[in-house]
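So here's one chain in two forms, each on its own in structure tokens, numbered structure 1 and structure 2.
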Structure 1
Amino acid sequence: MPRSPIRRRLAEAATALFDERGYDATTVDDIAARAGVSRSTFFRHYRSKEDVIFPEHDALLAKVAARLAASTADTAVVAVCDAVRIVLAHYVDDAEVSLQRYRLVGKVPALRDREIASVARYQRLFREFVADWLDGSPDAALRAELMAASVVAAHNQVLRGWLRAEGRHDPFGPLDHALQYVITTFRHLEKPRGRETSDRVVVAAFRSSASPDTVMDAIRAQLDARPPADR
């Protein structure tokens, strides 16, 4: 999901100025001038100077939501993993800006708050998807909350490691490794699809002195007493 040339120039200008002058001392006019565009051009692309350095979350969330929506109950776990890879790929594909943003966010509390709010949007999207997938199973809402938090935590741990290493390694192997823990923990939470007849235990009681015909009659009575759905 690459930025347009003008958006990229604005992003590069903003991150360079924030690094040189500091976030608070940099204005929209400064960013526009460094990028070689007008103030009005800046506002056609971004709402504020902080928007320049963050990923285009609305478009990225829409892409993640589309991947989740394309799954079935049998492929839900795979869809979640694919969706997480989409998010990580967005940071990796724009590595220079991602690294500059990481350094800047560590210095500016307002930007850290913005980043936390952005992460919450992804976690909510995963939580709603998993809750729908597990709908009708015990503790579906709780399980969805736990799985969504685990998925986001796995992604963030790998992303932070990649950023701290200045992007010098491929993060997708570590991401797959981290997601295996999530899959192992939550694979068993799939919504029950119903029980087969062979899963039902039938108990018949009779005296030890009962004849074989009596025993068979008792077993038949128990089988005939099963609920219609199990037959």
Structure 2
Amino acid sequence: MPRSPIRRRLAEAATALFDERGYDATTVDDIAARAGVSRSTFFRHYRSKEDVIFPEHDALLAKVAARLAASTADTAVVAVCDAVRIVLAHYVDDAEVSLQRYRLVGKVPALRDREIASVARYQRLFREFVADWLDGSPDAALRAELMAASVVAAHNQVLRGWLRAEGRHDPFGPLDHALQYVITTFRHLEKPRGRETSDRVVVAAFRSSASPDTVMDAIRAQLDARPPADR
């Protein structure tokens, strides 16, 4: 069923009509008529009127989950930050559609709520992933919630900025910048996987009994991983 030509026609008809008359003033019959199919057919291809606007979310969620599962990162934050890039990439790949949806969602409260619910699903996925990862450590559930919320918040902030700018700049730089806040906030709360160094990065830098210069370098590296405002 994915990517059938009729799905495409329906989506195009819908966006055109939403653009011309607005979301509420457009009925499913209108959409079907413009696409040259029957109302029944519409509901065979989209579960609801809203679904025309928010497609592929399930597939994307699955992709993100797969990425998490395959992650080789040493900490949960890093794994999740890595995974959230997929989401942004998805928006950027379909910039045209994303922008159109953004404009529409800004006007229709029902759609806004729906979008928020979608985002919450990613957040939940992240939360559960992190909770599993951290399982056993103190306040695991709480930290998982905070991490997931922060990563999603960082993503949202960058995405909104990109959308407001009508997709004119590359958003991955800003995303990395934003995620740096999150990573530096949470990374030191975790023990990196595999190694049995019960300490944070900073301390590890000092463990290697190196020259002061080496120490300084390590520390600088640590600092470079921080958000600029902190330097």
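The term rigid core refers to the maximal set of C-alpha atoms that superpose within 1.5 Å between the two forms. As the structure is a computational prediction, the values presented were derived from the model and not from experiment. For residue numbers, the reference is structure 1: its sequence is counted from 1.
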Two forms of the same chain appear here; which of them is the form predicted in complex with the DNA?
2
Could you tell me whether the Cα atom of residue 172 shifts by at least 2 Å between structures 1 and 2 after core superposition?
no
When the two forms are laid on each other by their rigid core, does residue 182 show a Cα shift of 2 Å or more between structures 1 and 2?
no
Align on the rigid core first; then say whether the Cα of residue 86 has moved by at least 2 Å between structures 1 and 2.
no
Core-aligned, what's the Cα displacement of residue 41 between structures 1 and 2 in Å?
4.8
